[in-house]
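Presented below, as structure tokens, is a lone chain in the form predicted on its own.
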């Protein structure tokens, strides 16, 4: 059995056979996972310095030289790295007095912080499968982002208590700005919100729960939603980036909604993390520093703040190491341009815009396929996995350890 690191579900039931350097037979892989496995055979990186091929030792030595010379380096990425690699990375940041940040800094971090602090109740995906009769995907489309979510945990499976599955005992709802693929499956329970309108939508739900007539939108539809929430025996809400970006710094209104729902019945929240070990980094950094992201070790002590986010730090740092991420494709243009102008080190198994722009490229084994390790699923469950493909490339952890030794 193999573990798929294509998303944060970390499916452990993958059966794969290899023949002639290709996948010849697979079972239980979704389309996203299949693409992830196939990527092991194409678009791989090679060791490079300033656009010229070198051997691995030279690339690692050059990376160490850049970081050793830097006065204010940035270490970014981490969400697609194992816990073992993240642990070495945090130690490296401490040694360099560097700033360290991950992708949650501009996506799920604002919610994950509340989950890990306990201010918003959470549970495991196994709890959802066994007990949930209502699942709400809010600003999320798992049919596209986490294709096996519905079938393994939230809608179609038969759990310990929910033996009749979606046919009789489960209701799936979607709160979104559009008719997504997931919304199409449960279109009778699609609640449309205008872009940026999630806070007002939550206020309307709170009004209905208090027995008041909502001021927003289709009053009949809102009253129907309030009735469904009140009748739920055990509910789960899965917030995606659509909700996160809409609420931004107004997450308190969502916190109020969850608190009110739990006065009536039981509702838990699991963030729809995208990368396979984003939550792992958040938990590990919090354990070591008290913060889940945006940490600077300048002066030998950990400090936290928006000035330490990748968006801000990219404009003030004098070197950057990017691991398992492609910020030049995903970050705002100004930030991406600032990173591209720096002495940039990219550690990644696959080619990307970031590796193409990097002065130093260090290829790594693909976690879960070519390298083993440990990761934390989106619901906080720790998963250990072993490689299924023999590769000559080192794992992220080994590369970081060698850079640290060279420094």
Partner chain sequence: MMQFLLNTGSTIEEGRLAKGGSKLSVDYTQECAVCEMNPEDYEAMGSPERVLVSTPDGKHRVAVYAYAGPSVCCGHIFMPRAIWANVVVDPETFSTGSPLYKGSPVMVEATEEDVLGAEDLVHKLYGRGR
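Numbering follows the first chain given and starts at 1. Computed from a prediction, not measured in an experiment: that's the story for all the values here.
Omitted from view is the form predicted in complex with the partner chain, to which the following refers.
Novice: Wondering, does residue 154 line up within 4.5 Å of the partner chain in the predicted bound form on heavy atoms?
Specialist: No.
Novice: Contact with the partner chain in the predicted bound form for residue 72, defined as at least one heavy atom pair within 4.5 Å: yes or no?
Specialist: Residue 72 lies outside the contact set for the partner chain.
Novice: Counting only non-hydrogen atoms and a 4.5 angstroms cut-off, does residue 245 reach the partner chain in the predicted bound form?
Specialist: Within the cut-off, so yes.
Novice: With a 4.5 Å heavy atom cut-off, would you call residue 329 a contact of the partner chain in the predicted bound form?
Specialist: Yes, residue 329 is a contact residue.
Novice: Which listed residue (143, 303, 130, 119) meets the criterion of a heavy atom within 4.5 Å of the partner chain in the predicted bound form?
Specialist: In short, 143.
Novice: Exactly one of 288, 337, 161, 221 has a non-hydrogen atom within 4.5 Å of the partner chain in the predicted bound form; which residue is it?
Specialist: Filtering the options by heavy-atom distance leaves 337.
Novice: What residues, if any, in 29-54 have a non-hydrogen atom within 4.5 angstroms of the partner chain in the predicted bound form?
Specialist: In sequence order, 31, 32, 35, 36, 39, 42, 43, 48 come within 4.5 Å of the partner.
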